[in-house]
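Given next are two forms of a protein chain, the same chain in both, each as structure tokens and marked structure 1 or structure 2.
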Structure 1
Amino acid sequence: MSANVQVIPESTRERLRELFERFPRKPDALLTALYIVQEDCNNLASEVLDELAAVMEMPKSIMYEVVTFYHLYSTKPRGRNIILICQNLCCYLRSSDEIYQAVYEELGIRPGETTEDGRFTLETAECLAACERAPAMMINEKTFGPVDPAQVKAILKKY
């Protein structure tokens, strides 16, 4: 990659500048900055993190640690719609494995995979903080639950 080619679009850089006006200490804005960049670049691949590290004047290694710790960040391309299925005890005991199977039957993907058309990526989540609605499933930022396998097709159709 040429040193002149920017991976992070100028429109995203403008959003980051606005963010840094609210958080003069750039490390304080790290989680939000990562979210903004991922939203616009689809993922936080190595070359994206290289550029963001330079913009934020931070070591890439710190960013990578954060990105690999939180399930909402990804270092590889993802679908436009991210499906998260809770795998914590509450959801597991209420048959979250059946939700995985229903998604597989509808979309043909397993956790960590993306549909060929790029519409959906299926991922696991340790906890969606929706134990009272177990088994829970999240698509993008909307939580569904309790989800019955028979409801999965109708839920996915909305996306």
Structure 2
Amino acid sequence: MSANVQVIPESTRERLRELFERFPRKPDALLTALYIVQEDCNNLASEVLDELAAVMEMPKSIMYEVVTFYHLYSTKPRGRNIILICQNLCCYLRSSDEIYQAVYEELGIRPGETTEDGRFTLETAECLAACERAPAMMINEKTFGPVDPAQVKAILKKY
């Protein structure tokens, strides 16, 4: 028991306290709380969720149900930058498979993998609501498209 070493830093706890004010009960704020903690702690590994459960005063099984239900939460270490490439129909019709291939050639990672230097994690995505820009790709907050496989290298370079 390492009661004095906190995985979730005090600054994050402060953000959580502000968040809770908007919700009737703390557990109602779970989705946003998970985002905040994932943002500050990189991922939602068990050491992190152990502490969050205590902060939120809720059963861990319920928390884990939520974490594993949604695509954008990760219990494993993530790269500093998250790449999402749409694999749905409009992007497929505009050759999104080639974008996956281009990322693989550049970074050596397949969906679900992280580069060894921890710079990028690649994830599949369903429709990103950017079909007019198919094939579409997101890095962190920013959406790119239409992406030409030849541009991938240049785009990645910026991160």
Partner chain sequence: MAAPIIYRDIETPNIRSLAVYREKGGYKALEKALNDMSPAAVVEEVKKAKLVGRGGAGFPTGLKWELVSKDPATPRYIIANAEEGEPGTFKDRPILEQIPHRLIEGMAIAAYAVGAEEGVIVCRGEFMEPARILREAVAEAEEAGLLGERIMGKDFTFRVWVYRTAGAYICGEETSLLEALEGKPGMPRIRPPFPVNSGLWSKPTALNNVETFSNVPNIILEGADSYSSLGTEKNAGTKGYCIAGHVNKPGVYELPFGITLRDLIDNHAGGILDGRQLKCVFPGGASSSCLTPDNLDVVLDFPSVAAAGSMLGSAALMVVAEPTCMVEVSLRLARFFRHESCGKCIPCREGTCQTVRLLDGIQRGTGRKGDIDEILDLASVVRQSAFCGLGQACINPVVSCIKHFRQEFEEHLEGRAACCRKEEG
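Note that the rigid core is defined as the largest set of C-alphas that superpose within 1.5 Å between two forms. Start at 1 and count along the sequence of structure 1; that gives the residue numbers used here. Nothing here was measured: the structure is a model prediction, and the numbers come from that model.
K.L.:
Compare the two displayed forms of this chain and pick out the form predicted on its own.
P.N.:
Structure 1, which is the form predicted on its own, differs in this respect from structure 2.
K.L.:
Has the Cα of Lys26 moved 2 Å or more between structure 1 and structure 2, judged after a core fit?
P.N.:
The answer is yes; the displacement is at least 2 Å.
K.L.:
Once both forms sit on the same rigid core, is the C-alpha displacement of Val67 at or above 2 Å between structure 1 and structure 2?
P.N.:
Passes the 2 Å threshold, so yes.
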